[in-house]
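As a starting point, one isolated chain is supplied in structure tokens, in the form predicted alone.
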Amino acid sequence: MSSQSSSSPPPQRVHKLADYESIVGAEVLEDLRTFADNISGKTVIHVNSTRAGGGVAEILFRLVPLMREIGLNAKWEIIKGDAQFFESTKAFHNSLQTGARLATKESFDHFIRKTEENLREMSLDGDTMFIHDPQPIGLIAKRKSNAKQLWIWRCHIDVSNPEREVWNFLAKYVNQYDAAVFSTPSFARSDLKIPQFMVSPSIDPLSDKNRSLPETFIDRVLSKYELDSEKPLITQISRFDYAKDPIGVIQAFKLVSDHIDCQLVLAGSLADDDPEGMEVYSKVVKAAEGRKDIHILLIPPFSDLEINALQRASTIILQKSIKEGFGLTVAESLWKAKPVIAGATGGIPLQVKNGLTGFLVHNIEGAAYRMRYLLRNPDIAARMGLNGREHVRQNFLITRHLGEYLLMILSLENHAKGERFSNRFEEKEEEEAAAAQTHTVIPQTHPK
């Protein structure tokens, strides 16, 4: 842990590109400005379903201001939805990630009704539209006939083995977009007719959740939650979601605590667009009943400093997901030089290099075995943590994310220009051929 002179971190501020130079280097920032010069002044609109809770909202909170700084008119819009709408989209989400048939006819019908309401109320006139995940996917019906407008569907979840009815329903929308973006190559779909890009999510190393903290502040957070600073701490930070397997985390910890005196924290918040959250939280609390060494913390959204402190105080960090889109908490933890034990699913293997930055596991027993190993080998755990921090610096920071979005916009614009040029060229050829046929001189025959 790094220390600062003050016991309390200063308030969070909006960062400028120049602030990242000491981390990523001047050349990276110069490249970003060069990319942006080619699309300066254009309007880029991001649309998702919530401003609080989950990695998508967190990324957009950081990314949109940086887009504005480099000269884009960047906006962030939110669709409206009632409880039934989010229950429907959660069923879509779970069906896509698990392959289970969870959506009903009522789910599809209500989704269409709310989409039509949003279409009537929203003005989506950006040069480039980023539509994030299934909830706002139907907004593509709003696209202008203007061929210069780009629509990009940004999928943050695992659709590699979806339930067919839900995927077929959504794919009809997706194929109307100019491109789809996935977090890892394994999520790409061979049945899509549009270009597909891979752009991994990212963390902001200067945000409250990731920047250095004074040790006195970290100690205060540990005291607040009655955690023992002298005892090894195992932590999982995530939404209360069945896909994060919080019950499995508790079961694995119990296997470890039988042999090593340690403590577990399961901390997370509830997302506005996830109606299952409170149900999962209640089951997790029940599974931990009677255990003073297991701490279940329901932390409000935007408690970034406390999450940061808990991660920095941890000996090992878990992300025992059964299904995962990407799992940004893994990158957050690696950035803090902590070894991570995580489920081998979704985008996690891009972050956890097995045996180098942490361990990938497939079941409860495997997670418990790796926890015991790292607790008994602190030198190896420390080395893995340092490897992980450098891995994130090179691959999962917001500056890389911004650059890939800019390059993608440029690529799609150039492709569209090429198509329009090709179409005009073909039209010109056809016009010239028709004109030549119309003006062909037929030789006159003269009697001898």
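Start at 1 and count along the sequence shown; that's the residue number. Just so it is clear, the model here is predicted, and its values are computed rather than measured.
Keep in mind that the form predicted in complex with a small molecule is missing from the display, and what follows is about it.
- Stretch 54-62 is the contacting one of 34-42, 401-409, 384-392, 54-62, since its residues have non-hydrogen atoms within 4.5 Å of the small molecule in the model of the complex.
- Within this chain, L334 is remote from the site of the small molecule in the model of the complex, having no heavy atom within 4.5 Å.
- Using a 4.5 angstroms threshold between heavy atoms, L328 counts as touching the small molecule in the model of the complex.
- The small molecule is not drawn, but in the model of the complex it has a heavy atom within 4.5 Å of I299.
- The closest heavy atom approach of I294 to the small molecule in the model of the complex falls outside 4.5 Å.
- Site residues K209, I237 and S269 are all in contact with the small molecule in the model of the complex, judged by any heavy atom within 4.5 Å.
- The partner is absent here, but in the model of the complex a heavy atom of I307, alone among A288, A103, A313, I307, sits within 4.5 Å of the small molecule.
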